[in-house]
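Next up, C-alpha cells for two forms of one chain, structure 1 and then structure 2.
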Structure 1
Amino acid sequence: MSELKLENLSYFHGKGTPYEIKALDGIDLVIPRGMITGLIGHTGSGKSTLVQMFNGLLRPDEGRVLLDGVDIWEKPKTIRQVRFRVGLVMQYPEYQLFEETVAKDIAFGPRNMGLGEEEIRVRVEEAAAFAGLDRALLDKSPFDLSGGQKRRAAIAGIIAMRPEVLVLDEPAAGLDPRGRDEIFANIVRYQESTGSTVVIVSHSMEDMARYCDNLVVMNGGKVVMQGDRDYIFSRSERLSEIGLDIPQVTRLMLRLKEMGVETDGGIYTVEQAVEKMLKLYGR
C-alpha cells in the first residue's frame, strides 16, 4: 500500500539528437494509495511513457519519482528492487510469455526476486487465482492458451511479485466485451482483497468511468485534469475537446443539453442517465 508521487517530472525522447521530443512536460502527480486510479489520454499523450517512470524503466531527465517519499533513483544500482515493488503490466503483455509451463512463467518474476521454491509455489497459485486463471492451465504450455488466457497468465506474472503498486497499461485491449468485463472484474477484486494501489491506463472512457475512483487525464505530455470521477466527467465537454472518446450516454446528455433539455455532461453511466431522465419525466 504505497503512494507514488511525481514531482515536476520531464522526459525527452531521443535526448541530444535533432529529433528530440518532449514526451513528458513538468508532471506533478500523486497516485493515492489503496484505490484504483485511471490514466486517460489518447495515443501520443505520454501515458505509456509515464507508466515506465513509475517503476524506473525510464529515468526522468528532470524531476523526481517518489515511492513512499523516497526518490527511486537515489541508488540507481538498486532500481531492480523498485520494479518488484511497482509491478507494471505492459500493453499486449502476452508476448512476454516464454517458459515451458504457465506456472514457470508466472514464477519468473518471483524467481528474479530470489525467493525460495515454496514461497514461489504459493505465490504462483495465489496470482493465478487473482488473475482468474484456472488451476488446470498452470501445467500447460503458455503457447497453447487462448488469447484471453494468455493475457491473464501475463498479468498473474506481475501479481506474483506482490507489488505494492500494480500498474496495467491497456489491460483489456483487443478483448471482446466479455473478456474485458472479466479482466476488469478481476482487477477490482484484486484491489479490494489486497488493498493495493492500482493504476489502469486506457483510452476507453466507458471502462474508466465504471472501474476507477480517481482519474488523471493527459494530453500533449501534460496532466490536464485530475480528480474523482464526478469532477472529471462534470467537465466532459473539455474531454471531448482534447479528442477523448467520452461515454455514449455522456454524449447523449451533451446533445440533449444543446437541444435545451436541463441536463449536463456529468452523467457517465446508464444508471445515472436513467435516474436523471426519470426525474425529467417527473416520475
Structure 2
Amino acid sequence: MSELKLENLSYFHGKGTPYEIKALDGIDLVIPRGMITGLIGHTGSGKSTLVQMFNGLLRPDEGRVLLDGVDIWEKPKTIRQVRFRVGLVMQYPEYQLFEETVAKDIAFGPRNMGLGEEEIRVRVEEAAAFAGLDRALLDKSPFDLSGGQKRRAAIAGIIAMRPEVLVLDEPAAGLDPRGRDEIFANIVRYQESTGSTVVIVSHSMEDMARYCDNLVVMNGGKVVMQGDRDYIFSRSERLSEIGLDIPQVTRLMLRLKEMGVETDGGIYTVEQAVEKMLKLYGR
C-alpha cells in the first residue's frame, strides 16, 4: 500500500504562449493508502490533468508529487519506475490497445518490467481474472472484442504490473448499467484482494457514493472539498454552488425525511434505501 501526497501543485497548459491556461492551481491533497478515493468534478475542473501528475505523465510547473514521502521527480531518469508503481488507466483506454492478441497486450507492461515469461503468464491470467475478462478471449485480437471487453483488457494490462496505486479515469464511461456494475465490482474486488490504493475519476455521483471510501471534489483547477461520503454529501448546498449534486436516492430520502418519514440523509445507494424502507415498513 502506498500513499500519494501533492504539495502546492500547479500546472499550466500552453505555458509561455498567448494561450496559457492554469489547469491546476495550488493543490494540496493526500490520497489515503489502502482505500478507494473518488475524484469528482465537472469537465474542465482539472481531474484528468491531475491524475496524469500521479505517475509522471505530466510534470508539475510548481509544487511536488510525493509517493510514500519521496518526490517522484527527485530523479527524473527513474520516472519509468514510478509508472510501474502507479498504474494509470486513461479515459477510453480501449483506444490504446495495439498488440496482436489480448494476452500480448496485457503482457506488455510486465514484459517492460523485465519479468520472466512464466511470471508474465501468471500475471496475465491473474489480471484477466481480476478485470472480469474470460480466458477464452486472451488469444483473440483486441480489435475483435466488444467495447466492454476492450475496457477490461486495458484495465488488465495495468493490473498485470501489480501497481501499488491504481488510477482509473472514467473506467465505466460509455458502458451500459450492467457493464458499469461489473467493471466497478471487479475494481472493488481487486482492491480488497490486494490492499492497493485506488483512485477513480468519475462524473457519476451514484458511482462515487456506491464504491468509494474517500471523495475529492474539484472545481476550476482546485480541490474544494475532501472527506468521506457523509462529509461530502452532507454539504449539498456547496456541491450545488459548483454545479454538482448529491445522489438522487439521497435527495429522495432527505425529501421523505422532510415529509415526516423516519429516515436520514446517510443513504447513498438504492440498496441502502431499500434496506431502510424494509426495516420501516417491511414484513
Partner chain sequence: MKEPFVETRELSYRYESADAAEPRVLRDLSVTIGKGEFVAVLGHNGSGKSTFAKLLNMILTPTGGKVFVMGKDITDENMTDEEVLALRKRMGMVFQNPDNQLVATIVEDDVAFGPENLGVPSKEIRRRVDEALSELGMSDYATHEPHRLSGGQKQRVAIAGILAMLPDCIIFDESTAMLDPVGRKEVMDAVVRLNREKGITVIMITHYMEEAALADRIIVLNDGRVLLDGSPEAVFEEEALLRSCGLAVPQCTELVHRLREAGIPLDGACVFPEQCAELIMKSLNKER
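Rigid core here is just the name for the largest C-alpha set that superposes within 1.5 Å across the two forms. All values derive from a computational prediction rather than experimental measurement. Please note that residue numbering is based on structure 1, beginning with 1 at the start of its sequence.
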Answer check: the form predicted alone matches structure 2
So the motion between the two structures is one rigid part turning against the other, right? Then which of L66, L244, K75, F84 is at the hinge? L244
From C-alpha superpositions of the two rigid parts, what is the smaller part's rotation angle between the two structures, in degrees? 26
Angstrom displacement of the CA atom of E258 between the two structures, core fixed: 8.3
